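Next up: just one chain, as structure tokens, the form predicted alone.
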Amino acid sequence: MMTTTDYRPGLEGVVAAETRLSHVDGQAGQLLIAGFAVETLAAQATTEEVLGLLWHDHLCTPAELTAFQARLAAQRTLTPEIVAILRMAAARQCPPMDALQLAVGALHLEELHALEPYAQALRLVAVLPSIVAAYWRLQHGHEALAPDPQLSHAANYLWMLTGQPPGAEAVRALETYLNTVVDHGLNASTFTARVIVSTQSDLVSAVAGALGALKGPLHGGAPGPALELVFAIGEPSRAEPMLRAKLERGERLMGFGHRIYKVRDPRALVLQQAAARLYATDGDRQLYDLATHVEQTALALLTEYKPGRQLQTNVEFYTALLLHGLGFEPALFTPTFAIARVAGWTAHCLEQLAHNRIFRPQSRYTGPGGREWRPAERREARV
């Protein structure tokens, strides 16, 4: 039994919330999203269906879905003030995650915090893709595009990024990705959002804080290096010697191993299948084949060099391959992750507010006691 003096670094093993939104079983390699296995849900549902499931706890009927899609699409447009902020950030070549956090904070200019939480959540989920797409275009010397209310959430993001009507396979691939990573237990960014909203702060502040947590490379920033590994290898014959050399030097193989999963990350399987479909119709099939060869080689070598560690493929490996197949550059990977995860963040915020208790964990003091106060003139110089 834990006592108030127990110390768990990183809150490891501490249950801080109850949720109906997702369940992660790392030993079994299982992820449930609102009761559905991620393998079942991600590849079949639209992004709007998953969002409705998280927020309303049921799958929308056709009529409900049509109305929900319309409400979401109506909230996509950026105000001139946010576009101006994005222009300033682009002129300074701010990283996309920093620009995204700036623009989300600027939603306070709309007095969004004055709305009820559900309306705040709707605006946040709808506008994040518009912010990321607009900033990406401005950063690369193009004008931002207006959203298309006739397009789905995923299709509109692709349209606003490229200015080209997206193909069905690309939309399905992106929807599968967004659904796969929509929520994942009480991870760092989700916990941050729940802590902030538990103070009865607004959802804009909660999402801005979650973005700050997601920006850290230990949480949302690793898919790029996983793809770089595949590109560096270049051809199947180079996989074993290059990976073996990295392991001999004590380097980590990006895209393998997870703090929670002790078997293959179930999200990796979903995204591998989505990538296979995408690359079969619209991509470099040789790159996909190389990536799967690198994966199998890496798994064999990890078993050899790190027996018993159970280092399996994680979500980052096939995230990188899938998003690359959609034409995304690595700098877009984490912002696109945020576009997916904001649905989960807002769902957690709504859940937290419904049964709120402010988070107030304890800390263990490790400093000295009984220090004597001395006026400045009596203090000795420290060596």
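Superpose the two forms; the largest set of C-alphas matching within 1.5 Å is the rigid core. If you're wondering where the values come from, they're calculated on a predicted model, not measured in any experiment. Sequential numbering from 1, following the sequence displayed.
There is also a form predicted together with acetyl coenzyme *A; it is not shown, and the following applies to it.
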property: Heavy atom of His219 within 4.5 Å of acetyl coenzyme *A in the predicted complex; result: yes
property: Non-hydrogen atom contact Val315 with acetyl coenzyme *A in the predicted complex at 4.5 angstroms; result: yes
property: 4.5 angstroms heavy atom contact with acetyl coenzyme *A in the predicted complex for Phe256; result: yes
property: Heavy atom of Phe337 within 4.5 Å of acetyl coenzyme *A in the predicted complex; result: yes
property: Interface stretch in the predicted complex with acetyl coenzyme *A - options 163 to 171, 246 to 254, 112 to 120, 93 to 101, non-hydrogen atom within 4.5 Å; result: 246 to 254
property: Non-hydrogen atom within 4.5 Å of acetyl coenzyme *A in the predicted complex for each of Arg20, His23 and Ala34; result: no
property: Contact residue in the predicted complex, from Arg238, Arg87, Lys306, Arg285 (heavy atom within 4.5 Å of acetyl coenzyme *A); result: Lys306
property: Residue among Leu302, Leu269, Ala144, Val204 with a heavy atom within 4.5 Å of acetyl coenzyme *A in the predicted complex; result: Leu302
property: Leu302 C-alpha moves between the shown form and the other one by 2 Å or more, core aligned; result: yes
property: Ala155 C-alpha relocation of at least 2 Å between the shown form and the other one, rigid core basis; result: no
property: Shift of Ala213 between the shown form and the other one at or above 2 Å (CA, core fit); result: no
